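Only one chain is given next, in structure tokens, and it is the form predicted on its own.
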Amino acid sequence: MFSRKRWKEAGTAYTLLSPTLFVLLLFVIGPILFAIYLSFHKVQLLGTASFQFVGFDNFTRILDDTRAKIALWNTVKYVVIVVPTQTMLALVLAATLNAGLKGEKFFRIVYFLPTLTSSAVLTLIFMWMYNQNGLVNHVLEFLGLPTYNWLGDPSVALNAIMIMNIWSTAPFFMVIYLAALQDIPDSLYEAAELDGANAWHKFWYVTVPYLKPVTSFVVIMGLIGTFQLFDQSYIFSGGSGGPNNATLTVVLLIYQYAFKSLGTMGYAAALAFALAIVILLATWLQRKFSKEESLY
């Protein structure tokens, strides 16, 4: 049973928390609950707003929606390729910078610059580079390699976004790895050297296991970010998801149904709810398989 003093302390604490709780309720919890509500309704917002309850019809419609299947396949393919690649690249870059090479501070700045650039600006720069007469094709031609229509060929358009995203996000995770690498005790490497371990053995049997909790965090953040791919795909395709739905992602499809089609706001909310479930499931599976999330 709470004493009067403890009730007073609790009341003071909640009073101080009330602005934050109000903002969370208004801008986070409220919209989530409203989106769940919309997903079970056919919504008409133009003219007189109407909400017609349709049960699970919006969710069953997803199973018959060809564009939803294409968007999901594009998103999954993007996640499966980008997350492991950016994670490994970030770890390699961090290990390189942590090796005490000359000009280490300079390279830290250079590597981190892509992360500081606005996503929209970065996409426009890469679109210029991916132009048929752009820098990328000129370099490929100089090296005697085949050139591509990066923006107009459905077989390479999504790959172009992948390359851009890996290049821009790996440095952010590199900084996280770099901070963790500097916490590894030198005694572990000294003990490995006494056992006859070379540089590769020390990296694989000391560094990688020690960084397991950090890798788990990086992968989870990568999963959440890549499943929510929108702005690069939108700018690349002008909002269409083209060419031929090659860059159509789930979030871009949600945007199209919510703001470009009449009477499909409820269906867009159902897609958003389904995507949230997919992200939660992917995160849970990652945590389940990684097993080790704390250092002993």
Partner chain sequence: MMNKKTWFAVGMSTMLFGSVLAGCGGEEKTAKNENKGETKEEQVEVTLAGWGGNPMEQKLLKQTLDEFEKKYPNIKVKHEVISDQYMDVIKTRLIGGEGPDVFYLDAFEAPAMIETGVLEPLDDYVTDDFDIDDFEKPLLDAFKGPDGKIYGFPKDYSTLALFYNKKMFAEAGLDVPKTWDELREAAKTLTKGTEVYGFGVAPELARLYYIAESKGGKVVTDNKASFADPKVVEALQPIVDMRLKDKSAAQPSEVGAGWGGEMFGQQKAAMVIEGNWAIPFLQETFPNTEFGTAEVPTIDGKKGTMAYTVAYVMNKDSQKKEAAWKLISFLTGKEGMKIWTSKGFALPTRKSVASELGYDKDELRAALVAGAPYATVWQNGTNLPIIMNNFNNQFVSAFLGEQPLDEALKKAQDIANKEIEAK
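These figures come from a predicted structure and were not determined experimentally. Rigid core (definition): largest C-alpha set, two forms, superposition within 1.5 Å. Numbering follows the first chain given and starts at 1.
This next part talks about the form predicted in complex with the partner chain, which is not shown.
- For the options Leu285, Leu16, Ile277, Ala10, the one in contact with the partner chain in the model of the complex, meaning a heavy atom within 4.5 Å, is Ala10.
- None of Gly225, Pro213, Gly152, Pro114 but one reaches within 4.5 angstroms of the partner chain in the model of the complex through a heavy atom, and that residue is Gly152.
- Residue contact check for Phe34: one or more of its heavy atoms lie within 4.5 Å of the partner chain in the model of the complex.
- Though the partner is left out of this view, Arg6 does reach within 4.5 Å of the partner chain in the model of the complex, counting heavy atoms only.
- Using a 4.5 Å cutoff between non-hydrogen atoms, Gly55 does not count as a contact of the partner chain in the model of the complex.
- When the partner chain is considered in the model of the complex, Ser187 lies well away from it, no heavy atom lying within 4.5 Å.
- Heavy atoms within 4.5 Å of the partner chain in the model of the complex are found in one stretch of 124-132, 157-165, 176-184, 79-87, which is 124-132.
- Contacts of stretch 259-290 with the partner chain in the model of the complex, defined by any heavy atom lying within 4.5 Å, are made by Phe259, Lys260, Leu262, Thr264, listed in sequence order.
- Core-superposed comparison between the shown form and the other one: the C-alpha position of Leu25 differs by less than 2 Å.
- Core-aligned CA deviation for Ala10 between the shown form and the other one: 2 Å or greater.
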